[in-house]
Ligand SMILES: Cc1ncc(COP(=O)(O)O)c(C=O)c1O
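Quick heads-up: it's one chain on its own, the form predicted alone, in structure tokens.
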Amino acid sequence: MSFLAFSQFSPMVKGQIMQFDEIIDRSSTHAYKWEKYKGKDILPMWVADTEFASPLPIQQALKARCDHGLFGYTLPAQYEPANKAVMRWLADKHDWEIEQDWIVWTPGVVPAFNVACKAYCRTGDTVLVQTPNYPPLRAAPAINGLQRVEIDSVEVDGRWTLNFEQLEEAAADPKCKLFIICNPMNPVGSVLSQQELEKVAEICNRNNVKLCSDEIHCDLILDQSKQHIPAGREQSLRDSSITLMAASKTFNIAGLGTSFAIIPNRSLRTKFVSATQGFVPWANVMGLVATEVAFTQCDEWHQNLLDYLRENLAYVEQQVQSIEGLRLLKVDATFLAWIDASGLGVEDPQAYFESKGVGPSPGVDFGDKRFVRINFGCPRSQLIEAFTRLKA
């Protein structure tokens, strides 16, 4: 597989090419992202992990932990450095001062929102799910014997936002107990504004609906005029929300199986923890180490990543605009582009992209077959290669 050297959007760098430009061969690592198209000349640009090596301090910390040689039980609540790191990061990056006992460690946000379904709903209840959304989140209600009601995303002033009229109507159903959202929204890339989040809070609180907010992309805000607002930081949601976060997407450590929920309300937290008993494992010890270091030693790397992704996004926007039949609304955050391919006039956009040698996520999995989701968390040369193929 060849990658074209890029000719524009020069490396952002302070005099040297950043590590984000490095092509790393993952073919021998059984990486989920690359296994899908193994043996085919198709660039994998689907599942939401990046092609960037994790920061060197994380790599060094993991090596040091391996050198110790013992990997016995480690209770996350007792891993003080990781808990303090989360508190430090949230205060510094999100202006959110939390208490340590609000943190509930989980082995991923997917198990966490499934736990929320189990904790706050009973068989036959209704769960609201913002759509389009990534497949595991859409699947969570049915897995737990619950009814899924979708709340559409609608286009307003060139960006995606929630259909609040739909939300008003659906939340009024007495069977509705939980609303699961992504903020920033995956796959559409919007960041909820203060006004939008307040509207969500007002509707949920009025109807006694709990809010589970998947904020795994909260540290990937690309529009510098936008600010992420954690659900649990809002006074109006403090006692009715579960905020799910992780270092995994930002620092590319998803394979280490570690995330956390922030639940300020003691009763909600007790129910959540009780719902994990017997089948949800502790967060991985290596993931705890990686999270600790990510949130204490990698601020500069994080800023460099954001700069790189902003230039990648600018390139994607430029290229999509130049291809007749494709459309992309404003992306506030994430490293994902939700591309409307309906203008191509093809029955199956996914098959069309694959025929060009590019493998995005199929829109049908997210709830709309007219779209594809492109992962632009990759070296610029790979991104250029993808659009060169699409234009061929």
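A residue's number is simply how far along the shown sequence it sits, counting from 1. Just so it is clear, the structure is predicted and the values come from calculations on it, not from any experiment.
There is also a form predicted in complex with the ligand; it is not shown, and the following applies to it.
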Within 4.5 Å of the ligand in the predicted bound form by heavy atoms, the stretch out of 216-224, 144-152, 190-198, 274-282 is 216-224
If we test each of Ala231, Leu162, Ala294, Val109 for a heavy atom within 4.5 Å of the ligand in the predicted bound form, the one that passes is Val109
Just give me the single entry in Val358, Ile339, Leu62, Ala48 that has a non-hydrogen atom within 4.5 angstroms of the ligand in the predicted bound form. Ala48
Could you tell me if Phe179 has a non-hydrogen atom within 4.5 Å of the ligand in the predicted bound form? no
Should Trp102 be counted as a contact of the ligand in the predicted bound form, where contact means heavy atoms within 4.5 Å? no
At the 4.5 Å heavy atom threshold, is Lys249 in contact with the ligand in the predicted bound form? yes
Proximity of Tyr120 to the ligand in the predicted bound form, heavy atoms at 4.5 Å: no
May I ask whether Gln319, Tyr352 and Phe387 each come within 4.5 Å of the ligand in the predicted bound form, counting any non-hydrogen atom? no
